[in-house]
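Given as structure tokens, the chain that follows is alone and in the form predicted on its own.
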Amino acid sequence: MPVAITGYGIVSAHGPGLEPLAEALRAGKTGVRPVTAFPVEGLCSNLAAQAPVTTGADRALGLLQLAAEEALGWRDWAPSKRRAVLLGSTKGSLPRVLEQGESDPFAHLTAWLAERSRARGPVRAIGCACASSTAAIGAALHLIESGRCDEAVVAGVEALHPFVYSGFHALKAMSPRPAAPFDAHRQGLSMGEGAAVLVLESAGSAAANRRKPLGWIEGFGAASDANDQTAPHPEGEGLLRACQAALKSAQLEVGGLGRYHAHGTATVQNDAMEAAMCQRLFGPNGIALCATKGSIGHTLGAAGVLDLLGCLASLNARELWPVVGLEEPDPKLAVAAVTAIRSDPHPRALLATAGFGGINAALVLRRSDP
């Protein structure tokens, strides 16, 4: 059962709002620049896609509030037991744990969002590594499709923090130049931060309230390959099963897709894994591949919702937008990565996210007007 996206808000490295993000993605512009939020001297990179906004001491909460006001501010919210809140993040407000001694870095984020949206239904924080917000969307779909809720407010949020930045330095996963997914000379990922909030509701609820959706979520799938704590399965086993499950959920064959929106971290291992998965799923001719992390960085648990909004913006524009940062496609990766803007009539995309520990999740998206 398709679920409508009837409200949305976003903050990325390009600032608040979907329009600045869409303009940057279409133009192939990166938001990766020198970090100013904390010292990075002596680390393997001094770059990140830092949001150019002032958010106060609790940066995660500030980013969430900016995205939520855009997503929720256009309508009145009466209290409802049939409205859920689901938030995906890897670390929530980490300073509250490290500096203030709180035991739960997510509780105040979900509590604030539930109060702002006056949700009286299920309220959950979901941690599935870099697939967190995609998994939160999946949980929301289940609540709506099961009939337990009419609508759900889903958020992904991630703020830059020196502890996590240093951790990716220790893994030697960060690039000294802006990330270049699927490029022959890629050197790793660029960290990013941001937040996005979606209002999801059943088709019946959207129609009854005369709300025009930004787009539709038609399917969700998740799978784990448990290959390694940090390295993906080299053949993309878990990601393949997640994508197949999303297609089955949407009652769709591969031929019904127009593009694959990749996780695209620009690490050597991740891009090779996704290329192998694409060969297995789409065959030797492949499918148009898009990716956004060269523009907005890797926003970890928030990546799913930020990628979703960027993907839907291009679907609704009826265009394929280039993989930001990609200059020389790696000949060892047999993928049809998009390198220039071109028109595209297909209404659907398959979006994938992959996280540490072998956690994988995927969505089937359809633009607002088929």
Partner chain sequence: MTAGISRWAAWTAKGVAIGGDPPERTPGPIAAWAEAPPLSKIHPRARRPHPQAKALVQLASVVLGERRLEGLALTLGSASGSAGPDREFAAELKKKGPGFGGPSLFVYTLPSAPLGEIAVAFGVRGPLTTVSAGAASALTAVATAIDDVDSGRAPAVLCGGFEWGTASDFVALFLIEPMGPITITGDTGYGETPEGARGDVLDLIAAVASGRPFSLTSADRLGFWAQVRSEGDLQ
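Residue numbers count along the first chain shown, from 1. From a predicted model like this one, the values you see are computed outputs, not experimental measurements.
What comes next is about the form predicted together with its partner chain, which does not appear here.
Here the chain stands by itself, but in the predicted bound form one stretch of 5-13, 357-365, 344-352, 20-28, 357-365, has heavy atoms within 4.5 Å of its partner chain. Scanning 254, 97, 268, 207 against its partner chain in the predicted bound form with a 4.5 Å heavy atom cut-off leaves one residue, 97. Taking 73, 283, 176, 167 one by one, only a single residue has any non-hydrogen atom within 4.5 Å of its partner chain in the predicted bound form, and it is 167. Proximity of residue 274 to its partner chain in the predicted bound form: non-hydrogen atoms within 4.5 Å are absent; the residue sits far from the partner. Proximity of residue 82 to its partner chain in the predicted bound form falls outside the 4.5 Å heavy atom cutoff. In the predicted bound form, residue 124 approaches its partner chain with a heavy atom inside 4.5 Å.
Within this chain, residue 237 lines the site of its partner chain in the predicted bound form, having a heavy atom no more than 4.5 Å away. Judged against its partner chain in the predicted bound form with a 4.5 angstroms heavy atom cut-off, the residues 153, 318 and 336 are out of contact without exception.
Residues 106, 107, 108, 110, 111, 114, 115, 119, 120, 121, 122, 123, 124 of 106-124 are found to place at least one heavy atom within 4.5 Å of its partner chain in the predicted bound form.
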